[in-house]
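There is one chain below, alone, in structure tokens, taken in the form predicted on its own.
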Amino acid sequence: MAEGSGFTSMAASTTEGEAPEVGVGMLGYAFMGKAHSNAMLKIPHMMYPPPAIPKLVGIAGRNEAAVAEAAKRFGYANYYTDWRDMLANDDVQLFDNGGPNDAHAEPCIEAAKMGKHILCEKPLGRTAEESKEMWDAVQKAGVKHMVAFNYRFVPAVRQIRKIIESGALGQIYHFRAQYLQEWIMPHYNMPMIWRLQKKVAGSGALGDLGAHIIDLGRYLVGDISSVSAMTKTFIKERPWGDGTMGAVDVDDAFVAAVEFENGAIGTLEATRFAGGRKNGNRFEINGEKGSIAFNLERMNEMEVYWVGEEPKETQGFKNVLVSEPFHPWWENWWPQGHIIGWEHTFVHEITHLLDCIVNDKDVSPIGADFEDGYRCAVVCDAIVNSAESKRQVDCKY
């Protein structure tokens, strides 16, 4: 079966009877905890027949009232204020880490030692060194592991990869990507939060947004061999809740010129200071036989241009609606043109991981495993090093 064409036949071998259950323990109940929990509730009904059914065993978080409410809302059987207690529950087979970046390494490494499969939000670690420790741990334990680079699971993005793999674009010349948001601009009066602290987040726009486009570049074009970058912090102090000021020690924005191991060159840019851009994740790939462009805010579409296939009077980019039954994952959803949204990427992503767990398949290359997370972190570190040294830096994996 062709990769990415859907889950029905892929899951059939494990769902002729009842689908097995995989017990899930979730760390985090906010943005990603909500997104992942929503996906798990949809999987048994929409990814039908499912490779496995997520059993919501427990959810952990520091605020007892908030985590208890999240357990009630999503139907988790238990809630915990310490992730260690949750991992001690033998019914937890899959550890889903949606916590802040400084809570990625220790819980994931401990979960691996206990033989639990792991889904960890991006970026994998705050540094390449931390990410390598996590990758080493899951390799040693022999568990399945995935980093939640969910944009690999947009049907249009998966379709673009299939086009590139077919050779239709020929030699790839360029990959240029932007991830633009605006939510910490001055008019939002954003106070100091964990995403603005290096000790917690590791980096700013680079790890929060840039990691996504770095991963997309690797997924679609290949490994990055060198970078030349600049970073910028526009607002260097922000108020804490008590009115005292705290130093912002992460980047608000970065730009980088990159070279890929296959000879392609590209540009990467991410910022949280782009007025009017809410979630502007965009990229364009230029090859010898054509070009493809994608914009996450129009995630069911892609723009395609083929060199010399039409009279010059009508040549140009054509908009393609990616919603046909033969497009990746669409057989599980609606008739053509009945659009799906951002939250469905998590449905596809977690279904893929469940399939890998119960049918002993490799997470990569369709999903991002911890090696992918580590290689992304190497590029992130190289961008920081390049900006600090004001020179081109090689990516050493």
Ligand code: SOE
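Please read these numbers as outputs of a predicted model, since none were measured by experiment. Residue numbers run from 1 along the displayed sequence.
Only in words, not in the display: the form predicted together with the named molecule, which the text now covers.
Highlighted residues 122, 179 and 195: every one comes within 4.5 Å of the named molecule in the model of the complex, counting any heavy atom. Mapping the unseen interface onto this chain, residue 80 falls outside it, with no heavy atom inside 4.5 Å of the named molecule in the model of the complex. Taking the partner from the other structure, the named molecule in the model of the complex has a heavy atom within 4.5 Å of a heavy atom of residue 209. When contacts are judged by a 4.5 Å heavy atom cut-off, residue 317 does not count as touching the named molecule in the model of the complex. Using a 4.5 Å cutoff between non-hydrogen atoms, residue 279 counts as a contact of the named molecule in the model of the complex. In short, of 302-310, 323-331, 92-100, 209-217 it is 209-217 that has heavy atoms within 4.5 Å of the named molecule in the model of the complex. Residue 151 is the only one of 294, 151, 254, 175 with a heavy atom lying within 4.5 Å of the named molecule in the model of the complex. Residues are counted as partner-facing when one of their heavy atoms sits within 4.5 Å of the named molecule in the model of the complex; in 327-357 only 342 qualifies.
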